[in-house]
Ligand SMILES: Cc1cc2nc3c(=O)[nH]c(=O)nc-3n(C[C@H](O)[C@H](O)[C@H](O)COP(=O)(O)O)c2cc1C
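Next up is one chain by itself, shown in C-alpha cells, the form predicted alone.
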Amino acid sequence: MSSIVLGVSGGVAAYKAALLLRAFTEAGHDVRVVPTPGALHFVGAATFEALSGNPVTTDVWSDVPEVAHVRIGQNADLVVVAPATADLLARAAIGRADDLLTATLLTASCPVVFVPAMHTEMWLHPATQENVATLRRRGAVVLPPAVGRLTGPDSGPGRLPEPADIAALAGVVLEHGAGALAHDLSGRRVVISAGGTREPLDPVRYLGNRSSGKQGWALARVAAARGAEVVLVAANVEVPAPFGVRVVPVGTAEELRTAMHAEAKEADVVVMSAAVADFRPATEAATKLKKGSAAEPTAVPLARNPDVLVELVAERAPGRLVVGFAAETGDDEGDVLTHARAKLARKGCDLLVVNDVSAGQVFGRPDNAVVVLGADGSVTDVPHGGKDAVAAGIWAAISTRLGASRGTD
C-alpha cells in the first residue's frame, strides 16, 4: 500500500477530486487529502474525511504535535494536486508555504503531479506558462489540461481531465517515477491506431478480433501527458477518449487505412497498435443471410486486406518514425521473438512492439508486458505492469529513437 497526498485547490473542478480520491482508495492506497481553504468552499472536509478515512485540515496550526506541515510531505510516496489552479501553480513555483498544501509541497521528496484546471485565458497567460515551465524544470509532472466545457458557457483548454485518466497516469508515476511522464514529446505530432477492425459479412455479422483497444488508449494518454499532439484512429472502441486526444472513429480495415494515410502526413511518429483484419469477406450481403434460406452460403470467400503498416513505411517522410505491433505465439517453426524479428524485417518499420498472446494473454486484460525490437538490432524489455506503465516504457524507447534521429538531422 502506498501513501498518497491528494492536494485540492480552490476551483470548481474540486468536485472531481472526490472521484479521484475514491479511485485511489479502491486501488488500495492510503490517501491524505490536503485542501486549500478555497477548496472547502466547493467540497466540504467531511466528504474528504469520509472517503479517505483520514483527517482533513488546511492550516499548519491544527494537530501541532504531529508537525503536519513537515510530516505529511515527508511520509508521502506521491503527491497529486488536482485541481491545481493558476494561484496554486504560482505559489508552488515561487516556493510559498502559506497553507498546509504549499508547505507539504516544500517538504515532499517524492514525485509530485500537478493537474491544472482553470479558464483558458488563465492557462495561456505567460505567467502561468512560466510557472509550469519552472515546476517541470524542477522535476515535477505538470499534466496538460483537457479541452472542453469550462465554467458557464466557455469552452477551451483548461478543463480538468477525468479522474480515471488522472488515476492511470498517477499510477505510472507512482510505479516508475516522474521521468515516466517526462515532457519530452512537446512539439511532436503523434498518430496512433487502436482497437480491432470489423469486416462485414451482412448487416448483422462481421469478421473481427479480440482487441479491446486498451493498450492503444494508454499509448495515447501517455503521449498526451508527455506533451504530444495526439490523433487516435479508433476502430470499434466504445470507451471515453483520453484527455488531450483527437479521436477519429473507424470501423473496417479500409476505413482505418484511409484515416491513417490522411492523418500521418504531418506526423513525427506513427504507431500502428490496432489489430487490423488480414482478410475480409469478398462480398457483403445487403440483407441478413438466414439459415435454411436460398441465400445461405456454404462457404465464405475471403479477400486480402491491404497491409496498412507496410504502406505507411513506404510513404514515410524523412525523420518520421513508424512503429508496428505484433501479437505473436510460438510454434514448431520458432518462438515469439523469432517470428517477431522476421515480421520486423518484412514490414520495414523502425520499431516493433511484440506481445506474447499465448494462452489468452493480453487481450482485454488490464496489464501487459512487451518487448520493443528496433530495426537497428536493439531490444528493449518493458516489464509486466498496467497498460499505462507499459505505454510509458514504449514511449521511452520511441523517445530515445527520436532523440537520436534529431541529433543526426
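Keep in mind that what you see is a predicted model, and the values were worked out from it rather than measured. From 1 onward, residues are counted along the sequence shown.
We do not show the form predicted in complex with the named molecule, though everything after this point is about it.
#### Entry: Interface segment, criterion being heavy atoms within 4.5 Å of the named molecule in the predicted complex, picked from 327 to 335, 81 to 89, 274 to 282, 246 to 254
Checking each option against the 4.5 Å cut-off leaves 81 to 89.
### Task
May I ask you to choose, among Ala218, Met118, Leu143, Ala234, the residue with a heavy atom within 4.5 Å of the named molecule in the predicted complex?
Only one option qualifies, and that one is Met118.
### Query
Of the residues Cys349, Val353, Val33, Ala39, which one places a heavy atom within 4.5 Å of the named molecule in the predicted complex?
Flagged contact: Ala39.
### Message
Within 4.5 Å, heavy atoms only: does Gly10 come near the named molecule in the predicted complex?
### Response
Yes, contact at 4.5 Å.
### Message
Since only the chain is shown here, I'm wondering whether Val147 would be in contact with the named molecule in the predicted complex (any heavy atom pair within 4.5 Å).
### Response
No, Val147 stays farther than 4.5 Å from the named molecule in the predicted complex.
### Message
Within 4.5 Å, heavy atoms only: does Ala97 come near the named molecule in the predicted complex?
### Response
Because no heavy atom of Ala97 falls inside 4.5 Å of the named molecule in the predicted complex, the answer is no.
### Task
Mark Met122 yes when one of its heavy atoms lies within 4.5 Å of a heavy atom of the named molecule in the predicted complex, and no otherwise.
Output for Met122 is yes: heavy atoms within 4.5 Å of the named molecule.
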